[in-house]
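The chain below stands alone and is given in C-alpha cells; this is the form predicted on its own.
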C-alpha cells in the first residue's frame, strides 16, 4: 500500500532553526499539527553524510525514533559555481557556532573577491525526508533553484543566505521577497511539490 501522510497527523519538523520551522509549517498548508524538534528538546544529530539527501534522511530518522512521531527533515544550502560548489552541505557551518549568517555571507564575498567576481552563479538545494518511527520507512526528495549572487546583502526577510541570492528571472533577493512569493518558487517549495505528489492524501 502506498505511504501517505493523513491530514491532521501530528508530525515533528526536525529542526532547531525557528525560521526554518516556520517556513516548513507554512509549506505544509495547515494540513498537520507541526511541532519542532527544538520545542521537544530533541538533540541535534551530527550531520555526517556527504549529500543534502543523506543529511535530511539522517535528521528525519533521528527525530522520528526519539519522538515516536512521523518526522519531516530538511537539509538545504547554497552552492556557488565559482567556489566549486561550496559552501554546499557546509552552508550552516560557514556561519560559525553562533550561526551568524552575516559572517557566512561575508565569507562568500571574500572568497568571490579572490576569483574577481567573474561568475556569480549559485543555486539553493533542498532535500526533504519523511521518516516513520521505530525503523519505519523513509521517503526523500530534492528541489533546486538557480540564480545569481549580489552584494551587499539586501532585505531582512527569510533567513540564511537569502539576502544575497536573486532567483533566475527575478530582481529581488529572497531576503526582499514577500514570504508567499518566495515560497512559490523556492528550492524548498519545489521539493515540497514532489513530496506532496508522493505522500499527501
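Positions refer to the first chain, counted from 1. Because the structure is a prediction, the values reported are computed rather than measured.
We do not show the form predicted together with inosine 5'-triphosphate, though everything after this point is about it.
Although the partner is absent from this view, residue 44 contacts inosine 5'-triphosphate in the model of the complex, with a non-hydrogen atom inside 4.5 angstroms.
Though the partner is left out of this view, residue 92 does reach within 4.5 Å of inosine 5'-triphosphate in the model of the complex, counting heavy atoms only. Interface residue remark: residue 167 is not counted as part of the site for inosine 5'-triphosphate in the model of the complex, having no heavy atom within 4.5 Å. Looking at residue 153, you'd find every heavy atom of it more than 4.5 angstroms from inosine 5'-triphosphate in the model of the complex. Stretch 44-52 is the answer when you ask which of 62-70, 44-52, 27-35, 132-140 has residues with heavy atoms within 4.5 Å of inosine 5'-triphosphate in the model of the complex. Heavy atoms closer than or equal to 4.5 Å to inosine 5'-triphosphate in the model of the complex belong, across 67-98, to the residues 74, 75, 76, 77, 91, 92, ordered by sequence position.
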